[in-house]
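Have a look below at one chain only, the form predicted on its own, in structure tokens format.
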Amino acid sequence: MERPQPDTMSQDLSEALKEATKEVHTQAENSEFMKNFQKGQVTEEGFKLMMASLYHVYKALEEEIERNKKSLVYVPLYFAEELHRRAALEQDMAFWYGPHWQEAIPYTQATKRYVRRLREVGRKEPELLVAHTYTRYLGDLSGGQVLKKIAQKALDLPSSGKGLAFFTFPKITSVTKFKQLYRSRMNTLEMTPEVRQRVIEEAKTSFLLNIQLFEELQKLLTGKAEDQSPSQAQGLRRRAGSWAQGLTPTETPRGKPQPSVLSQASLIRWVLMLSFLVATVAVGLYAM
């Protein structure tokens, strides 16, 4: 473990966390999944995968918060009504996966690693929950609001906010003022230099866990696209081949077949049909 640095110790905890996580924060924002999201290139499947992962993460995080809500190392940061996301995510899961969503939602390997770490921290080192709530909740209150607008537009979601309850904080009237309050509470936490440094390192770990989650989601989406593309292309070749086999050879004036020569009309029909099939495949890939 790294020894506390003098400049870090002279800073408020909130400032020290912000400074220490700057690099991994940038890495998370620049992951392929998030860059595509920020460009509005988000599919329903990708969004559902992300939201399901967030449900598992917040379920674990908030169960561990409840376990430790009276602990001196966490009690100043207990804002269940204002911040907790599990109930909102349950609404979103019902919207995206239907009434039996608990049996339907995926649980990816990167998500499981993230959850395991939250469980470990909650049971063995609850003071490190500060790092996870900092990276998650303050991020949700900041960039999360931008992602909400992007998803609403890209997925053509209703203006009522259905499917996006996760991004809505009805108990917070001013995001700016609440974030200031939250940071000021963080700065009042009493920690030894060693515990403080562990919290800072855990905040980096939290970002890395998020990066791994985004990378896995991107691989899942890319893998499905690659799995479907060859089969679609093969299907195209089969259909085009079957159609071509059905062509009748043209006849010469003498009645002898010319199997390698198509009439002009047949050639036009063949080109039009092939163009239609290619366009169909292209539209299918774009809509994935």
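As the structure is a prediction and not an experimental result, all values here were calculated from the model. Each residue number is its position in the shown sequence, starting from 1.
Not on display, but discussed next: the form predicted together with a small molecule.
- Comment: 25 to 33 is the region of 40 to 48, 25 to 33, 215 to 223, 60 to 68 lying near the small molecule in the predicted bound form, near meaning a non-hydrogen atom within 4.5 Å.
- Within this chain, residue 112 is remote from the site of the small molecule in the predicted bound form, having no heavy atom within 4.5 Å.
- Mapping the unseen interface onto this chain, residue 142 counts among the residues with a heavy atom inside 4.5 Å of the small molecule in the predicted bound form.
- Among heavy atoms of residue 210, some come within 4.5 Å of the small molecule in the predicted bound form.
- The small molecule is not drawn, but in the predicted bound form it has a heavy atom within 4.5 Å of residue 134.
- Annotation: in the predicted bound form, residues 18, 147 and 179 each come within 4.5 Å of the small molecule through at least one heavy atom.
- This chain is displayed alone, yet in the predicted bound form one of 86, 119, 162, 183 has a heavy atom within 4.5 Å of the small molecule; that residue is 183.
- Site annotation in the predicted bound form: the residue of 138, 200, 93, 151 reaching within 4.5 Å of the small molecule with a heavy atom is 138.
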